[in-house]
Structure formats: structure tokens, C-alpha cells
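Next comes just one chain, in C-alpha cells: the form predicted alone.
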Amino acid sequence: MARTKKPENGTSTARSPSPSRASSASPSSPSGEDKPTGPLSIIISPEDREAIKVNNANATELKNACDDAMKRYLSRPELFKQIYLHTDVRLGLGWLSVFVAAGTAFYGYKVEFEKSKPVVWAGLILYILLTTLQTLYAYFIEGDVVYVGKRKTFSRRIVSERITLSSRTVPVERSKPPAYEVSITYVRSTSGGKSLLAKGKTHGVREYNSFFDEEGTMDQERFERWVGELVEQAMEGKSS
């Protein structure tokens, strides 16, 4: 029987592990950017929904019902926080014009007509200017935007997300009934918006009778699933 030869210095030599063992013992590589929570992962019980019923013959009611349902769905605590910038600007301009009109009328009532004319004219011009600004803002800046949401998550770094949804009614065309059209823009970034992580833009159209029955009751679960799919496509950086 052959004997093992010991080293002359009396110390034992440790054998290096084989490449296969070394690779299996090494720690796993760090995972990529955590995927943000999407709408479809949120489970909503039927008890959390209030029944929505509208007049099927009124396209405005149908659109408003869809807009409101979309806002409630995306504004859940696990998803986004709604930003009311457009609404605040319009309300601010509206209230300011009301105060100017009321102040001008009160001044004209208290002061003689000839003496009050310069102030009344100035108030009238300012009122027209504020009303015009409100109209131009609603038409050119806000447009069809019905929802703006933001969210910040903390995973190794601060990640900011912003989502914007616009909607409109596609009118009746020949035999086609009116439809609900929605456009979604999504941006995910970090470092205060300097580093872009994902950007997507999706678009979808569905006829109103896909979500409302003959009595005007809305199938909220079906509507939310459709909106959720569009939102998650945008979150994945897809464009359609």
C-alpha cells in the first residue's frame, strides 16, 4: 500500500476548490432594478366598489363615469398619488376673476360714476384677461388630461414615477357606437429626474357598451382590468 508523501516543512497544503465548486459557492449576482407595483397586482374586493349607474344615451355621463373610475383605481395607496396642478390653476384663475368682478362692482356702487370709471375699466380689463387666461390654459395646456399621478419608491436609491392619462369620447361613426379613448404616458427616473429608467406611451380605445350594460350599470372590474393592462404596458417601456 502506497503512503502519502508529506511536505518537508511539515505543513499541509490546502487544495484549491474546483472551478465548479467555486462558482456554486460564490454569492449570486445582484438583481436588477426592482419592478414597481403595477395596477393588476392590486386585488380589489367587490365590497370596496360602489355601484355606478348612468344614462346610456348621454355620452358625457359615460365619459365622466369612466374618468372617475380610472382616478379612483389609480389613486389607491399602493399605486399613485394624484396631482391636482391643472385643477388648482383653473380654480385659482376662476376665483381671482370672481374677486376682481365683485370688487369692481362694489367700488362702482360706492363711488360716483365719473370718479369710478378708471377703476371700473381697469377691473373689467383685468377680469377679461383672467377669464381668457383660464380658457387658454384649459385648452392648450390641460387639454384632455384627466389624471396626473406621482409615486416615489426607495430601493437602494430614490425612484420617481409620473403617469399622465388623457381621455376623450370617440363620436358615433356609421354603425359604430361611441367609444372611450385613453392615452397614457409614463416616466420612471432617479437622481431627481436626471437618470431615465423607463419611459412608455400606450393608447387604447373601447366602446362604451363594453363596460356598461343596457341599464347603464358599469362593469368596474372589466374596466379596471383594461386600464391596468394599458398602464402596465407603459410601465414596461412599451409604446402602442
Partner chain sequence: MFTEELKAFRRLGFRHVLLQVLNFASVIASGLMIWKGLGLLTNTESPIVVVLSYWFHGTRFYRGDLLFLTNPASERYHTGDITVYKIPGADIPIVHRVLETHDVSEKVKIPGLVTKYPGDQLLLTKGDNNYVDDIELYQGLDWLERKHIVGKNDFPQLKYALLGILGLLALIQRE
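Residue numbers count along the first chain shown, from 1. In this text, rigid core is short for the largest set of C-alphas that superpose within 1.5 Å between two forms. Model, not experiment: these values are computed from the prediction.
Beyond what is shown, the protein has a form predicted together with its partner chain; the following relates to that form.
Q: Within 4.5 Å of its partner chain in the predicted bound form, counting heavy atoms only, one of 105-113, 164-172, 73-81, 147-155 shows up; tell me which.
A: After filtering at 4.5 Å, what remains is 105-113.
Q: Thinking of D88, V98 and L124 as the candidate spot, does its partner chain come within 4.5 Å of a heavy atom on all of them in the predicted bound form?
A: Yes, all three are in contact.
Q: Does its partner chain get within 4.5 angstroms of any non-hydrogen atom of V120 in the predicted bound form?
A: Output for V120 is yes: heavy atoms within 4.5 Å of its partner chain.
Q: State yes or no: in the predicted bound form, is some non-hydrogen atom of E50 no more than 4.5 angstroms from a non-hydrogen atom of its partner chain?
A: Yes, E50 lies within 4.5 Å of its partner chain in the predicted bound form.
Q: Counting only non-hydrogen atoms and a 4.5 angstroms cut-off, does G94 reach its partner chain in the predicted bound form?
A: Contact with its partner chain, yes.
Q: Any CA movement of 2 Å or more for Q82 between this form and the one not shown, core superposed?
A: Shift of 2 Å or more: no.
Q: For D144, does the CA position differ by 2 Å or more between this form and the one not shown when the superposition is done on the rigid core?
A: No, shifts by less than 2 Å.
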